[in-house]
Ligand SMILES: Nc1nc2c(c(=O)[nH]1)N[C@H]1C(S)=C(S)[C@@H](COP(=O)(O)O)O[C@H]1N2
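Okay, here we've got a single chain as structure tokens, the form predicted alone, with questions on binding and movement later.
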């Protein structure tokens, strides 16, 4: 008979322990899987209150930023088609104070960046609940879980797209404006629902210093590991991370030492060099394929209105009455310049030449640029009528540089930078 092969077996001691070891294995759905001693209701409540204040500010300033683009000047400025009733808050964006957009967008971006460590810490503190079973124990619990899904997904999407836009300039599979706009409303739905459900509990926990006696702390680990960091220490670490991001990003809205230490954001951390045109540039002439031939002696500004079509050389524009305005450039990415001294022809004076001497209407502006967004933009009548709104020919006592829009550019108080069109070719006053 052939010899039967002997099947190797595990040692008896190991086989005796195997069921116990398998039984000891835990899944994320088991509360015992999470053993950090830092998690707890009070820790989460503190982070939640900070996010409540911060995210509310980010959302409101985001709506203001969207309104500043005058997106209901269809189809020129509208980047979110079919917005419908979600555009209920749109209004004629004001021109004063002249630093308004510089302030609101700096707050929007800077507060968003500073909240990143807080958001990550808050998500970490509640991650055990994301795996809790059963998924829904009641209608109220199901609503809470849905709000968490919208809140977490919306927050991560908004922060990710916002940070990528700041750093990489519109590298998205679609319009950043559309994605960010609708993502904000999805986030808000989860945010409002979650706040309504959880704020009373968070306030109670903060007032009492913890969970009520006899009430379980469902966020605390039932079998915590030995503590290496206190909850207060963890909050200090989160705060230190936010402070570091504030120091290394907020300065891009200021000149001097603060801008030089804004190392984590574009238009910060570098010296722009000497000269009257030495301030931040969003897009260069080369990037949008503007050549010297486009802006040379053959360049003419075309002005359209009821009187027909008028054409002006740069020399003829310089011969008109010149006005000055001290205005900043402020970008949707959160960076801005200090006030620069612009000199040129008032838009209202050009409107009068076009046939609107008394009440200038909306204005449609076209640029020479051959690529990139906002080659065309629209301004409201209130922006055209402001005496500080110029077709600028000079800045800080010198002709515009090619990167700052030579031979002529728009400059309007409190407007987003992209509406201050550079390399202007055509101005059309009247119905868009």
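Residue numbers count along the first chain shown, from 1. Keep in mind that this is a model prediction, so the values were computed, not measured.
Here the subject shifts to the form predicted together with the ligand, a form of this protein not shown in this document.
Answer with one of 36, 396, 65, 373: the residue that has a non-hydrogen atom within 4.5 Å of the ligand in the predicted complex.
Filtering the options by heavy-atom distance leaves 373.
Taking 4.5 Å between heavy atoms as the contact cutoff, choose which of 280, 77, 110, 158 touches the ligand in the predicted complex.
Checking each option against the ligand in the predicted complex, the one that comes within 4.5 Å is 280.
Taking 183, 187 and 194 together, does each of them reach the ligand in the predicted complex with some heavy atom inside 4.5 Å?
No.
Based on heavy atom distances of at most 4.5 Å to the ligand in the predicted complex, which listed stretch, 227 to 235, 323 to 331, 304 to 312, 116 to 124, is the contact stretch?
Contact-bearing stretch, as computed: 323 to 331.
Taking 4.5 angstroms as the cut-off for heavy atoms, does residue 380 touch the ligand in the predicted complex?
Result no; residue 380 lies far from the ligand in the predicted complex.
Considering non-hydrogen atoms and a 4.5 Å limit, does the ligand approach residue 413 in the predicted complex?
Residue 413: no, not in contact with the ligand in the predicted complex.
How about residue 70 - does it come within 4.5 Å of the ligand in the predicted complex, if we only consider non-hydrogen atoms?
Answer no; every heavy atom of residue 70 is more than 4.5 Å from the ligand in the predicted complex.
Does residue 44 reach the ligand in the predicted complex if we count a contact as any heavy atom within 4.5 Å?
The answer is no: residue 44 has no heavy atom within 4.5 Å of the ligand.
Could you run down 395 to 427 and flag each residue that has a heavy atom within 4.5 Å of the ligand in the predicted complex?
Stretch hits, in order: 403, 404, 409, 417, 418, 420, 421, 422, 423.
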